[in-house]
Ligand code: GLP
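Given next, in structure tokens, is a single chain: the form predicted on its own.
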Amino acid sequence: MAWPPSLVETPATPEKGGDVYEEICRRSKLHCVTIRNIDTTARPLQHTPASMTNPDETGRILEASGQKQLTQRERFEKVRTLVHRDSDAASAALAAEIAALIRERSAAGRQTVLGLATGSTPVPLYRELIRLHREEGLSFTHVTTFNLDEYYGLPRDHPESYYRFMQDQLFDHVDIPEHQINIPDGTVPLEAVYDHCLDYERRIEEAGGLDLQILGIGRTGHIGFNEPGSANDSPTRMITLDRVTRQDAAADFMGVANVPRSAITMGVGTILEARCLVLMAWGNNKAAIVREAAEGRMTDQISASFLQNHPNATFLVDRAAASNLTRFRFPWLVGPVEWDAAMKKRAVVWLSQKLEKPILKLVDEDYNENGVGELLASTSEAAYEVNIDNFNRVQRTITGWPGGKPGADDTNRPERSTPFPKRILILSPEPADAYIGMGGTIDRLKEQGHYVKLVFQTSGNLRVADIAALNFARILLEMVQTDQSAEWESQTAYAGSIISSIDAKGEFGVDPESVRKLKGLILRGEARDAASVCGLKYHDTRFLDLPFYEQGRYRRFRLDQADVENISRVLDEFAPDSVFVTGDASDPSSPQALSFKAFSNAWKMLKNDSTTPVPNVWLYRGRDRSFEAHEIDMAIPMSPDQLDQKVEAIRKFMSVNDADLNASARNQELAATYDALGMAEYEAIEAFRRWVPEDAAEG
């Protein structure tokens, strides 16, 4: 494989600013005069926009050759960015090139030196490398690896140590010699950390340097554990973890209080010395930081931004993670676009928000001076007509009838009026998700007479803290003390086994099956308490306990056909008229994303019956970022009382965090957004987007 030259001069990339956008419009032949103060810092899209329906971007991932942008549309991107359909497609493409590199060097009797990352992001890549080893004979005997980082203070057999992670996810499944594996040691005495870090740098140098470094990116923009403030020449060292980083790891450690506060990490300078860098990012929650790192200025506050100055660096992302890049989020700013109805609505809503003017108050000059003049030219209409058309599009998303209004003309309503009442199926990946995302709508659907079935796809037991199980066991023992009957003998033994199991595993150990089952039952009770707050009865709920969750852990889940078949049976047995589901924009390795994938695969198995209407499928947002105004197809207003009721339902869960409880604030923010667009003023709004059957192919 031919490696690129040390550095190739590239044309300067425009920074944000008014004059830059005037030049963009001139080059793209947009119908505008000048553009001022474009805001490219808005939240990312929550789904694949029409402009992202292109196939996977081609080109060798490992041979950027100093090339920053591939086309004029990518001019804002200061680092080469390749967008693939999903994480599996991107990982397969990268794994194929890594395999070719390993084989080429092995044939020449040379080692391949790989820098590896941990966390959920590289898991699809490692699984594909394992497949290539097992099915296509890829050997790792001539591979030397260096991992980016390790938590400080965790023993190597700890289930959340990165040493254990790498064994589980890659090394135990390929033929790499153990002495060629290098991972920072988080157990060295504090006084020996400095020398250990120097030795790690020495070993990389003795191996000939890193041929390829794989990277992920954290929400703070860190690569490795190089938190904000890390210099571009920083070496391998111990670092204090950022609060956001520790919060993101909280689920793995059963609470943020249990997450280590320090880690040993390769420095930014060490990483940048690699001959080739590939930063991977999946899911919508990474979209904002990907844009900052790829399009923003280089800064030590976002260590990933230093990749902009590397001669052979590539961002490899899926469509969700790419959705905040200028070429996808604001395509009219970088070239001509197809002004279909969705694009018009998107641009008009953006313009209204940017100028802080209601849609109906926008004038021709607003369009022309802000890069959207082509919209008016494409329709031969004045701003007045465009405003009215798109005001109506937004207004028609608002309805108080999420299941459809009986007897009403539903031509312009989000949901069909018939049949009535409907059979409504709500899928909740973890038990709290449905209440966080649509607690008010659940109550509305039940109140309006629909037959609602709330199905919890997983038990959620991994979110339940040890103290909840211990409290249950202790209550049993206290009951025994108040009643000396021999009938309590088995209960006493059970309580004792729970307490001893939790004590034996320690603070961070893996729960045995008996403890996980108890935690699942505790959460089941909380979920049913929340259901009663939302107007549902005991028989309106159902727990599937999908196998992928019961047999796995965070970052280690594996979806199986049994999971899909479980969802398929629910669809066949319940025969819903409408389905509400979430997880389409989640991190691909999360319970939410895997639960959604189980649904989308089950959807493909539905029996086609021309006499029965295809169910409408509505996407909602649970723990993921909220929909933006232009994406919403159905907006359900909530009164103050309904909002309070939703909060009460969420509070039934002991395992929720501050972000979960803040769901009501997000609903209020969305109502304020609609108000600013010129819609009626509401206390709060829950939002939904229509999922079309074609999306099943993307699932």
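So that there is no doubt, residue numbering starts at 1 and follows the sequence shown. Here the structure is a predicted model, which means the values were calculated and not measured.
The following text describes the form predicted in complex with this ligand, which does not appear among the structures shown.
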>> Just to be sure I understand the contacts: of R291, H222, R621, R463, which is the one whose heavy atoms reach within 4.5 angstroms of this ligand in the predicted bound form?
In response: H222
>> Please tell me which of Q353, S106, S120, T399 lies within 4.5 Å of this ligand in the predicted bound form, judged by heavy atoms.
In response: S120
>> Using a 4.5 Å heavy atom cut-off, which of 332 to 340, 213 to 221, 570 to 578, 131 to 139 contacts this ligand in the predicted bound form?
In response: 213 to 221
>> Taking this ligand as it sits in the predicted bound form, is K286 in contact with it (heavy atom to heavy atom, 4.5 Å or less)?
In response: yes
> Is there any non-hydrogen atom of S501 lying within 4.5 Å of this ligand in the predicted bound form?
Replying inline: no
> According to a 4.5 angstroms non-hydrogen atom cut-off, is D149 in contact with this ligand in the predicted bound form?
Replying inline: yes
>> My question is simply whether F306 lines the interface with this ligand in the predicted bound form - judged by any non-hydrogen atom within 4.5 Å.
In response: no
> Judged by heavy atoms and a 4.5 Å cut-off, are Y162, T245 and R555 together in contact with this ligand in the predicted bound form?
Replying inline: yes
